[in-house]
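As structure tokens, one chain now follows by itself in the form predicted alone.
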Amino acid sequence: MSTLSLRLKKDLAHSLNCAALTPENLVGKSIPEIASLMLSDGRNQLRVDEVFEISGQPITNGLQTINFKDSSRKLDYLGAHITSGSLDITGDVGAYLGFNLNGGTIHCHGNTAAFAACNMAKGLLMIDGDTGEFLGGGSAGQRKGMRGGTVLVKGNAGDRAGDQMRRGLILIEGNAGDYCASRMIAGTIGVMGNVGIYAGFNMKHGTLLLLKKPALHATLQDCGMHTLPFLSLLYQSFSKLDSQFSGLHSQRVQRWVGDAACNGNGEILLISA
């Protein structure tokens, strides 16, 4: 059976809320019914077939995949609230990719705007390009960010990656911006490239795993060199991912603890070559 495909067929003047276009929401709907669904760009309501060229077969169960082709940064909230099924996206996307993701898989073959994996609880989000600010963060008014699941970014991440992260795993193969792991409550963030200033700012618990030495602020305490056997278990969890992180082996690290300014017990681990 061919997969349902939605190809963007025109340039959008405003960002479009695409939260309705998930396998669970479209299950059992015919192609004409999908075409007639209304999407909001904040000012107007647009029919799906005004924006997308629809092809393939209808979704018969929530475990199937939707292909988005020729997408753009005007498409917000792709994959919002899904608990099963998958999205495969060719092109860039807008903000809030995987918003409230609670299962299933999203694979974006381009770049994303801010707040990818916002409020995420379960599932897998893969981004082949770069992503914007607040990766795995919380939405406005939320006291917790990402609460579970796995995020893999092949490119770079913007500022505040993992802000208020509560649980889960974020792996960034490129660089991360300023305030990485800010206000982190728990979970694990790995960064292969450089991190900006104030990494671990107001960090309470959790682990920030680095391969390049960061410029750290004064309230992170240097605890010296350690051999940490538990890292072998962490590396095993990386092995199932298509990532450079799956090649890590060293258990020897330099360790910092903090943020002492908020009585935090988080850790920053710099892996030795």
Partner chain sequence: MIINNIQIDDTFAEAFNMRATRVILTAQNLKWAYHAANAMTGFATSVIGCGVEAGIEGELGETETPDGRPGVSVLLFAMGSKVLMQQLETRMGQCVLTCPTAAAFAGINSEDQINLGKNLRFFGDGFQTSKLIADKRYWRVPVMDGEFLCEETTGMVRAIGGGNFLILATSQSLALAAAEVAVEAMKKIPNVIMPFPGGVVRSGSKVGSKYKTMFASTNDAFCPTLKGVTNSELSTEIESVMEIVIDGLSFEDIASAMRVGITAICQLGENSGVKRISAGNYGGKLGPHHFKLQEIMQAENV
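Positions refer to the first chain, counted from 1. Worth saying up front: this structure is predicted, and the values here are computed from it rather than measured.
FYI, the form predicted in complex with the partner chain isn't displayed, but the following is about it.
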Interface check vs the partner chain in the predicted complex: of 60, 219, 237, 55, the one with a heavy atom inside 4.5 Å is 237
Pick from 14, 252, 255, 9: which has a non-hydrogen atom within 4.5 Å of the partner chain in the predicted complex?
255
Based on heavy atom distances of at most 4.5 Å to the partner chain in the predicted complex, which listed stretch, 155 to 163, 135 to 143, 180 to 188, 109 to 117, is the contact stretch?
180 to 188
Given that the partner chain is not shown alongside this chain, does residue 81 nevertheless sit within 4.5 Å of it in the predicted complex, heavy atom to heavy atom?
no
Even though the partner chain is not shown here, does residue 73 get within 4.5 Å of it in the predicted complex, heavy atoms only?
no
Mark residue 229 yes when one of its heavy atoms lies within 4.5 Å of a heavy atom of the partner chain in the predicted complex, and no otherwise.
yes
Closest heavy atom of residue 38 to the partner chain in the predicted complex, within 4.5 Å or not?
no
Stretch 162 to 180 - residues with a heavy atom within 4.5 Å of the partner chain in the predicted complex:
167
